[in-house]
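In structure tokens, the next block holds one chain alone, the form predicted on its own.
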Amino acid sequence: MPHPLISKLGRRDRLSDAEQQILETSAFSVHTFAAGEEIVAEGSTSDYSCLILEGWASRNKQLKDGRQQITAFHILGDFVDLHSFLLKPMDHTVVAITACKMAMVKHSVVKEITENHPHLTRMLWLSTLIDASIHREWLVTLGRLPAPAHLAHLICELYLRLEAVGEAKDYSFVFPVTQTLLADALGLSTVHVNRVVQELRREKLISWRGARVGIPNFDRLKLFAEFDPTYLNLLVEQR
């Protein structure tokens, strides 16, 4: 199986054999986390960053009363805290949604890459820029789209991100997120989330059985969601 970060970056530009070798050998250890376990704690500082090899995680901001806002879903091939190389301490939490296997990459290795491998540095920079693009899109959809279109937009995004790393095909993917977590991502109550899911089903825009989401007509869902995938930067270009 290809290295997930190589698969992710390879959808944006060609990596040389040497660059692929660097990424394949960059981790000093692999850790596993149970569903619900903190991968990165708010307020923490670290000398390594975490790359998802298996599973799903979320980026969360917690309020004093215990409520939280999920600001990102992270999947195979995502560096959940590459920015911790420069930003310390962490101002948010990263939590495992499912059981996760994480590769730990020392910041000293990241520093060596930035000093000696300019193209690979640009590709890692691109990865953090895409994270920022996704944050901007989430802000717009949270603030301006009606709830059904907001969820439809998220489903379009996740399908394309998962497809890019070989985790989705034929307009179907596993979405292992409870309605409570989905409510925290969409800024809704769980009751409202249930109604929104039922509306999208009723309009035959999605199917949802267990943890598997299907998209009967991607173009129709994309139109309904006002979804433009430009922000995901999935074009192969010289960087």
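Just so you know, these numbers come straight off a predicted model, no measurement behind them. We number the residues from 1 along the sequence you see.
There is another form of this protein, the form predicted in complex with the DNA, and it is not shown here; the text below is about that form.
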### Query
Taking the DNA in the predicted complex as the reference, which of 172, 46, 32, 179 has a non-hydrogen atom within 4.5 Å?
179
### Query
For residue 40, is any heavy atom within 4.5 Å of the DNA in the predicted complex, or not?
no
### Message
Within 4.5 Å, heavy atoms only: does residue 195 come near the DNA in the predicted complex?
### Response
yes
### Query
Does the 4.5 Å heavy atom contact test between residue 148 and the DNA in the predicted complex come out positive?
yes
### Task
Consider residue 63 of the chain shown here, and say whether it contacts the DNA in the predicted complex, taking contact as heavy atoms within 4.5 Å.
no
#### Entry: Segment assignment from 68-76, 111-119, 88-96, 139-147: heavy atom within 4.5 Å of the DNA in the predicted complex
139-147
### Query
What residues of 184-217, in sequence order, lie within 4.5 Å of the DNA in the predicted complex by heavy atom?
187, 188, 189, 191, 192, 194, 195, 198, 201
